[in-house]
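The chain below stands alone, shown as structure tokens; this is the form predicted alone.
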């Protein structure tokens, strides 16, 4: 992980960055803070022109190894030419009603918007084509992947319009995207995945079958992971408006076990499908997700 100072860590704190004015400024602040830390990490020299390198794989021509970079990082990287590195990147952001939940400063949706904006900024910095799809139980808004002038601004404008919507149907955009992609690329799904797991996993497998690399960033609120509630209360389902009276002490153990079981199902089944899965909460510094993206991108053929 990047060697991030206290100041840079603050710039990567979702509670801090979410208060910055424009989404473009948020994205630039997060990415520049991330790279400042990466410069002091064992990857020094690697981050500046990341799109020109990838990890050495058996069968690669040894003459393409950058030995100066190896001396700095103790890792083998091979040079890649620009035409080899341009990726078609698709950001999928869940804007269903459950994403509007936030027990602290930042809701899951606001965290996802800031994260998607930072990823889009980083992708364009690496000269990749980038697009975004917002969805709940249908596609709410979409900007096709592209590299034209103003592409980043169009993606950020779409993200800026994101508001909590209706019920979630995560598998829907996965199958739709797989059906229309005509070249291999990278798909990043940002969602709480609070939907039927089997359908989601099948949709992600569809994308992998098409040859795309897939990164899943499950975004949850800290309260959803710890169930810290003590007082008897009525809990409302954000997607159905149904209310249920709950005595926390009576349901906490069962709830936590169910959450653990579902997360383990995603982790196990997605690993077997060759999908990168990371579970985040809305207090997670954003560099964790950016490093996950770079790691997934770096393993691409």
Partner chain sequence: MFGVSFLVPAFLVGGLAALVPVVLHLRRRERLPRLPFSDVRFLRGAPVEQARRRRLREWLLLALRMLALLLLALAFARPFLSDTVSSSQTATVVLVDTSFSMSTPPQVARARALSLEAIETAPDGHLVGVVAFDEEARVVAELGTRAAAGAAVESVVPGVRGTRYATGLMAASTLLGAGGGRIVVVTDLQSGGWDAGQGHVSPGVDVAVSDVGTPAGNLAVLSIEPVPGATVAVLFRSGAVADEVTAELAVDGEVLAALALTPALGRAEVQFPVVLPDAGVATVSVTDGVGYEVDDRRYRLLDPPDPALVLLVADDDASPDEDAVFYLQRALAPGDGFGSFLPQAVRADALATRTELNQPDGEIGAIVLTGLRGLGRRGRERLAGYVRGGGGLLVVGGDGLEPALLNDLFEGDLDLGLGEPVTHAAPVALVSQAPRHPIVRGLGSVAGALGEARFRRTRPLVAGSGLVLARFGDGGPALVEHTVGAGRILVFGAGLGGEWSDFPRRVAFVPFLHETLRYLTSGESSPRASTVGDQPADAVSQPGVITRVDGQRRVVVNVDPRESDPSALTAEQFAAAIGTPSQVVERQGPDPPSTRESGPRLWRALLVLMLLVLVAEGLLARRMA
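Since the structure is predicted, the reported quantities are computational estimates derived from the model, not experimental observations. Residue numbers count along the first chain shown, from 1.
The following text describes the form predicted together with its partner chain, which does not appear among the structures shown.
Of the stretches 111-119, 183-191, 136-144, 93-101, only 93-101 has residues with a heavy atom within 4.5 Å of its partner chain in the predicted bound form.
Interface residue remark: residue 196 is counted as part of the site for its partner chain in the predicted bound form, having a heavy atom within 4.5 Å. Remark: residue 237 counts among the residues lining its partner chain in the predicted bound form, judged by a heavy atom distance of 4.5 Å or less. For the chain shown alone, residue 242 is a contact residue for its partner chain in the predicted bound form, at least one non-hydrogen atom being within 4.5 angstroms. For the chain shown alone, residue 65 is not a contact residue for its partner chain in the predicted bound form, no non-hydrogen atom being within 4.5 angstroms. Contact check for 246, 251 and 254: all three have a heavy atom within 4.5 Å of its partner chain in the predicted bound form. In the predicted bound form, its partner chain lies within 4.5 angstroms of at least one heavy atom of each of the following residues of 206-233: 224, 227, 229, 232, 233, in sequence order.
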